[in-house]
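Here's a solo chain for you in C-alpha cells, the form predicted alone.
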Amino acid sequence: MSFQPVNPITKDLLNIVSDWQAFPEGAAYNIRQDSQCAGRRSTENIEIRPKSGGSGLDIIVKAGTKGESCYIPACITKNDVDDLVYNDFYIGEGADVTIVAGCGVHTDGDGESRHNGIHRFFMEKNSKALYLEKHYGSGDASVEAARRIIDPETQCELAEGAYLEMDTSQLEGIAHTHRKTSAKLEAGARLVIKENILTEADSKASTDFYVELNGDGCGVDLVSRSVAKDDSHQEYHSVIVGNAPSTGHSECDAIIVGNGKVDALPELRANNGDAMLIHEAAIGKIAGEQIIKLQTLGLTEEEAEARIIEGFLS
C-alpha cells in the first residue's frame, strides 16, 4: 500500500494533538491526512486493519497485551474537506493499553472543513484502556471565513470488570463541535471521562453523555471543565441511567469570560433502589481577587486571566 507523504501542516498539527515528533518507535499507528493514509504500522499485539471501502479502521488488541500504545490521529490541512471515519477498537481480555487519538483541522480563506470521527470500543472482561484525545484548529483567524468543524461520536461497551478512561480536550480554533458519547457497563466495569473545552469568538460546542449502568457494582464518573469566551456558546447534557446497584457521578464546571453562554443539564434516572447517582453543576466567572492577586506578582490583567484559565482546564 502506498502512503500519502506527511506535509508540514500535518506535522505541526500532530505535535499539538498527539505530541508527535516522528512515528513512535515500537508502537502501532495510523496517520490520517485529508481523508487519506499517511502511514500505518501494526505490531505483534496490536493490529490495525483497514475496513473495506476505506471508511475506517479495526484496531484489534490481543488478550493479555500490557503496556503498549496505539496512535491514530487525524488531520485536515486544507479547505473543503468533509472527512468521515469509523474506527472500532477491540480490546482483548486482560489487556492494558494506551490509545492516542486527536484531530487537527487547518483552513485558510473561505470555505470550511469537517472531521467526523465515529469510534466504538468493545472492552472484553477485565481489560483496561486509556484513551487520549485533543482537538485543535489553526489557520485563518476569522471563524466565519474559515470554519473548522469536529463532531466526534463515541460508543462504548464494557464487559465485566473492564475499565476505560477517556481524557479529551478541545484546545482552540474550532468553530463548531458536537460531542456524543454513549456507554453500556456490565458488572464491575468502570468508565471515567474527563473533558476540557475552550470556546472563543462565536464558536459553539455541545456535549451529550448517555451512560447505562447495567451490572452490579459498575460505575461512571463524568467530569467536564469548560471556558466560554467572547460570544461563544456551550451546552452540556448528561444522562446516567442506573439499572443495577451501581454508582454514577456527573460534574460540570464552567467559567464565562466576556459574553460567553453556558447551559448545563445533568440528568439522573434511577431504575434500581441501590443505584447511587450524583450530579453537580457550577457556572461562574473569574473572581476579581484572583486577577488582582496575580497582578501583584507582575502579570498584566490579560496574562492573569490566561494563567487562571490554563490552571482551571488542566
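This structure is a prediction, so every number in the text was calculated from the model and none was measured. Sequential numbering from 1, following the sequence displayed.
What follows is about the form predicted together with another copy of the chain, which we do not show.
Is there a heavy atom of Asn272 lying 4.5 Å or less from a heavy atom of another copy of the chain in the predicted bound form? Asn272: yes, in contact with another copy of the chain in the predicted bound form.
Counting only non-hydrogen atoms and a 4.5 angstroms cut-off, does Arg40 reach another copy of the chain in the predicted bound form? No, no contact at 4.5 Å.
Find out whether any non-hydrogen atom of Ile60 is located within 4.5 angstroms of another copy of the chain in the predicted bound form, and reply yes or no. Contact check for Ile60: no, nothing within 4.5 Å of another copy of the chain in the predicted bound form.
Contact flag, Ile48 vs another copy of the chain in the predicted bound form, heavy atom cut 4.5 Å: Answer no; every heavy atom of Ile48 is more than 4.5 Å from another copy of the chain in the predicted bound form.
Want to guess which of 254 to 262, 64 to 72, 40 to 48, 25 to 33 is within 4.5 Å of another copy of the chain in the predicted bound form, heavy atoms only? It is the stretch 254 to 262.
Residues of stretch 222 to 240 in contact with another copy of the chain in the predicted bound form (4.5 Å, non-hydrogen atom): If the 4.5 Å heavy-atom criterion is applied to another copy of the chain in the predicted bound form, 222 to 240 yields nothing.
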